[in-house]
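Here's a solo chain for you in structure tokens, the form predicted on its own.
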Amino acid sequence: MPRFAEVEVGTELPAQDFQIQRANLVRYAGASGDFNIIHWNERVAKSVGLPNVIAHGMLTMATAGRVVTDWVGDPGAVVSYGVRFSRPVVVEDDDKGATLTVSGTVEDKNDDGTVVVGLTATVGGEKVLMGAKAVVRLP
């Protein structure tokens, strides 16, 4: 786990790529109870103006948050985490799905031993989350 005294504003978290495939959507639907048809039925997704089936927003948010929890080593150290959804993650029906690329940077250090981490999450070079920030308490 990084230590507060050792972390500086501008510290970069290791970037990660995450594959999101249709099977992930099925698993997430079962775990969350969110069986909205746009997350599994291509015909319906397209009929409502989407380009294809899309990932659940909360799945995208949680996956992006893994960059922070992997960096800190303790999910309990995350004090708060929030995002705004800017574009859906389209998940094609193939062996690849969508690649979510997430990077993070320490944007601020607070007097209470917490740091603010800003995240950038993209698919195909397009931002899918805006204002993604986590507050993390470090030892």
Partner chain sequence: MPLNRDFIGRTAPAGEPIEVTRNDIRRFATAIGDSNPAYHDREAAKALGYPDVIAPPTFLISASTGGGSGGFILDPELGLNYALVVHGEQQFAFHRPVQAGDVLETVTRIADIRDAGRNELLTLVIEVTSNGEPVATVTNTIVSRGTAAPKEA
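Keep in mind the model is a prediction, meaning the values are calculated, not measured. Residue numbers count along the first chain shown, from 1.
Keep in mind the form predicted together with its partner chain is missing from the figure; the text below concerns it.
Checked against its partner chain in the model of the complex, the candidates T99, T69, N52, S103 yield a single residue with a heavy atom inside 4.5 Å, and that residue is T69. Although the partner is absent from this view, R84 contacts its partner chain in the model of the complex, with a non-hydrogen atom inside 4.5 angstroms. Not displayed here, its partner chain is approached by S80 to within 4.5 Å at the level of heavy atoms in the model of the complex.
Taking the partner from the other structure, its partner chain in the model of the complex has no heavy atom within 4.5 Å of any heavy atom of A45. Residue contact check for D93: none of its heavy atoms lie within 4.5 Å of its partner chain in the model of the complex. Residues M58, L59, M61, A62 are the ones in 44-64 with at least one heavy atom within 4.5 Å of its partner chain in the model of the complex, listed in sequence order.
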